[in-house]
Each structure stands twice: as C-alpha cells, then as structure tokens.
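In structure tokens, the next block holds one chain alone, the form predicted on its own.
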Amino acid sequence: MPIYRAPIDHVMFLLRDVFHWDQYAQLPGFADVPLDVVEAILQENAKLCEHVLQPLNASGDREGCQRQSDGSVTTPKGFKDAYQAYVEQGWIGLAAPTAYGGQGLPYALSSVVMEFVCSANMALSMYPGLTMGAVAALLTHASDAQKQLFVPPMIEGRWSGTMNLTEPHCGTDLGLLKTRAVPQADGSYRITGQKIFISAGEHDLTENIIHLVIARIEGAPEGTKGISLFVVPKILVAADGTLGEPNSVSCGSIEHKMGIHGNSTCVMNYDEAQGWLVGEANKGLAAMFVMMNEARLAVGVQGLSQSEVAYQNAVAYAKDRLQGRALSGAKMPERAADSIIVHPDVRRMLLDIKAINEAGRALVLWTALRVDVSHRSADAKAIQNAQDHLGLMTPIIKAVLTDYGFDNAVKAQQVFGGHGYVGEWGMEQFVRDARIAMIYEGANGIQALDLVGRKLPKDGGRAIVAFFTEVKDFITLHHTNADMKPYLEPIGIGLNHLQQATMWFMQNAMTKPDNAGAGAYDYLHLFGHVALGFMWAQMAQTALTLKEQQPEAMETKLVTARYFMERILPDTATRLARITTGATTMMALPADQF
C-alpha cells in the first residue's frame, strides 16, 4: 500500500530560514502564528492527512462516485466522515476573513496545508478546495447581502461551492457559451443551459452546493463582453439563511474519466434555475478570473503534491528492492543483490524528482507570501509589486508544476518497473490523478499564451523587469562568495537565456504573432526553470550559512542544488534554441498533410 509523510521539515526550513517568516509579522494574521505555532498547526494537519485522508485514497479511486436514479451522487465509503473531520478541525476557513467565520491566518500557511491534503488524497481535497475558489470570487465581487448569506456556511463547511464555466462546445473560448439568463421581476434570473466537467458538481458531503455559473443575459453582447456571473444554489436559500425548495439544477451524469475517481465530475443541467447576478452585468469575466487565478495556484500545488507522494513511495521501494549489483562493486555483499538505489539511472530519476519538488515547494511559498502581501499590506507599492509577481507567476506555477507533476509521477512509477504498472502499489493512480492537472483550469498551452501574450507586456513589462532585477541583485550580492559559484554561474546563464528569449519575442512577435504562439510553451518552461533555479540558489545560500549547525541536512540541500544546476537547468539553452527558430516550419504544412 502507498505511504505518505508530510514534508514538514522542508517547509519549516523554507519559512524560517529562506523566506524569513518573522519579517512578515507586521501583516495582519502573521503575529497570531509565530513559527512554533505554524509547526504545531502543520503537525496537526499531517496527522489528519496521514491517518485519515491518505488511507482512503486508493479505496476512493477503486469505488469512485456513484450517481443514483434520482440524480444524487454518493461519494466513496469513508469520504463523508473524512470530510467532516476536515471541517470540524477548521481547515476550510484557515485563511478566510474572520468577518465571515474564517481564522484569518496567512494564505502561505493555507497553501502548505493544501499541498499536504492533495498529496494524501487529491480527489477528496478538491471538494473544499473548489469551495474556497468560489468564496474568493464572492468576497471580491458579490454584494454585501450575498456575502453574508452564502460565504459563512461555505467557510464553515456546511455548504460547498463550484465553478461552472465549460460547455460541450465551449472550453477555452468562453465567448461561445450558450447558457442564458432571463431577468425576473423580483431581481433574480432564470438560468438555462448545460455545463460539463464540473468538479464536485453534485455529492453527499454538504447540505447545499453553491454553484457559480457564467451565462449570457438576454440581449447581452456576443463574445466575452456579454458574460455575466451568477450564484445558483442547489437548494434555494431564504433571506435568513434557511434552506427552502430544491432549485432546478440537476446532475445529468458523472464523467467517466482517467483519474480523480473520488471526485464527482458532473454534467450539470440548469432548467430555468433561479440565480442571482454577482457583480455587474456583462462583467463576469473579471469575476471568473478571480476564481480561475485562485484555482490555478491550487492546481499547481496539485502537480507538486502528486510528484511528492509518488517520490516518497519510489524512494521507499528503491531502498527495499534488490536487483543486480552496483557498477562499482557490491554494496550489500551479505545479500543476494544490492538495492536498486545504488544504480545511477535510478538515482537520476529520484534526484530529478527531488530537485523539482523542493524547488517547486519554494516557488509556491515564495508566491503565496506575495498573496498575503497583496491582501494584507498597507503599503501601496508593496501591493503593486506583489500583484505584479502574482500575475507573472500564476501561469508558470500552474503549468510548470503540473507538467513536472505528471512527468515525475511517471518517473516514480518507472522506478517500480512492472510493479509500478499494476494497481496494488498505487503508482499508476498517482500517474492518472496527476494527468488532469495539466488540462483543467486552463490547459498548459493556454497558460503559455497567457504568459507571453498578456503577462509579459502588461504595464510595459514592469513585472518581468522586476523579476530580472531581483535575480540579478541576488547574484551581485553573493558573487564574492566562492562557495556560491556552483549555484550563481548556472542561474546567471539561465537568466541570460530568458532575457534573450524575451528580447526575441519583442523583435519578432509583433509583426508575426505565430512566432509568439510557436515559442510560448518553451518560453514558459524556460522561465519556469530560471524561477526554480533561483529558488535553489536561495536555498543553497541558506544551506551554506547553516552547514556548521546542521551538516548532514544542509549538505543534502547543497548536493540537490548542484544536481539541479548541472542536470536540469541547462535545459534553458534547448528552450531558447527552439524559441528562436520561429514559426515558419511549424506552420508550413497544410492541415490536410497531418
């Protein structure tokens, strides 16, 4: 059976020593959780993840969700009790505003909890995760009355939330949506249409489900300019918060999908369901992106989570499985063979995953702290810088960590050989579950286009210039330290490749947009490699300062950092070469030649 242990030690190293948690004490919520309290909170969450959620992961995958004849959906055995334990311990509202029943603690802390929970049971984690994405949209765009009515029960965990965007003919291009909204005399709307791929669209975990649905009001402009957002509860809610009659919302079917079987991915039918406008009419796209950005960061964490749990199992297997002898001579002469962790190719796979996981976790926390600054700081300049960072890093975290999440799950499966392909070891589930994260909340190719087409030129390139400056300043600050040379020189080369690629787009994409499209995916990964390398450079610098106090742990960090710099970061050169070939060959074949 698969195992999982929450990586608390690495998280505490990042929060305490690399990103200096105490420096954020002036922000609301941080003073309530000094580092000893943070560690205690994470230890409690780890108990829930390791002993309650993780044991249900494989059984939930096998059983899946079941749609009943009346359209209701039952979740796998044990999910209701596990969800209730999650709710009773207060994990849903960890970072939510206290005014609505949340605990008001830092988002950065919540992001760590999110990783642990996803690693333990990705399918189950999606129910509360989607709820908080819906809450974020309501808090940003809903009226005060709507917030008071819907948000507290969602934070409490009595009600859950969903995002209803995709339609059978309408995925990325939301301007094609057909779901319509007809205004009523009482100020409500009648919503009619069908949505597909709706995660947690129907289930038995909560007493109500609050659907956030995009639709077009009768007479609204075509395309994205005519999109509005509506709140459509499964069960109608009276002004005093009591539940009334069922709304005209139903689950038509459950999608039969590759993974995350424990989460009910539904076709949702709206048959003149009663809904209420959230925010302004025809301004739903902005509200939708609040949900999407929250979800994209969470999906990036999902990629990291599956990579981490797959890695832990692969390491345990590699230490235990005996096959062959080390190339340099027997390491376990008293046994019939050596464990496979002695073989360089097995180490290659494990170190690839380890190096990405630790840098990916750092990148998530580095960005999560900027989320806290953007929401909690009183300094306008700090808020602007944090928002610039978030806009730039959201597509990178979503796409790079989910691409690597799947690739690393496959590598971890490969460590098991044939045992990785059969169900009892659990590795093939990690591969199947990781695959969806590359697709939903904006497929990774769309993330690349978002980065190149929207995020780079935004505000005259202010965000990317700030990133270049931050990396350069770090290199300058530490360049006289000879021990930092193995980490600074490679990141300097990678940064140079990123700057060359950025300049190439400026010179070649304006007159020929296909050049941007052809190079966007490689650019996103080039950027991601530099960002991950910057994380390793910071971790290496910290490890050097702590090496005398913690020699074994810090040497492990330094070796892993060198591995990343020597074996993974050089991919930036390949990415740059691909980008600068342009789009000519890629676009040359007529469609009928494929």
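Computed from a prediction, not measured in an experiment: that's the story for all the values here. All residue numbers are counted from 1 along the displayed sequence.
Form predicted together with another copy of the chain: not shown, discussed below.
> Does at least one non-hydrogen atom of K381 fall within 4.5 angstroms of another copy of the chain in the predicted complex?
Replying inline: No, K381 is distant from the partner.
>> Whether A239 contacts another copy of the chain in the predicted complex should be assessed with a 4.5 Å heavy atom distance threshold; does it?
In response: No, A239 stays farther than 4.5 Å from another copy of the chain in the predicted complex.
>> Does any part of S328 reach within 4.5 Å of another copy of the chain in the predicted complex? Heavy atoms only, please.
In response: Yes.
> Is there any non-hydrogen atom of M1 lying within 4.5 Å of another copy of the chain in the predicted complex?
Replying inline: Contact check for M1: no, nothing within 4.5 Å of another copy of the chain in the predicted complex.
> Of the options V73, A136, I475, A443, which one has a non-hydrogen atom that comes within 4.5 Å of another copy of the chain in the predicted complex?
Replying inline: Of the candidates V73, A136, I475, A443, A443 is the one lying within 4.5 Å of another copy of the chain in the predicted complex.
> Using a 4.5 Å cut on heavy atoms, which of L451, I191, A95, V342 is close to another copy of the chain in the predicted complex?
Replying inline: By the 4.5 Å heavy-atom cutoff, the listed residue in contact is V342.
> All three of Y270, K283 and A463 touching another copy of the chain in the predicted complex at 4.5 Å, heavy atom to heavy atom?
Replying inline: Checked in the predicted complex: no contact with another copy of the chain for any of the three.
>> Using a 4.5 Å heavy atom cut-off, which of 476-484, 199-207, 363-371, 435-443 contacts another copy of the chain in the predicted complex?
In response: Flagged stretch: 435-443.
> Going by another copy of the chain in the predicted complex, which residues of 244-264 come within 4.5 Å of it through any heavy atom?
Replying inline: Going through 244-264 in order - heavy atoms within 4.5 Å of another copy of the chain in the predicted complex - the hits are E255, H256, K257, M258, G259, I260.
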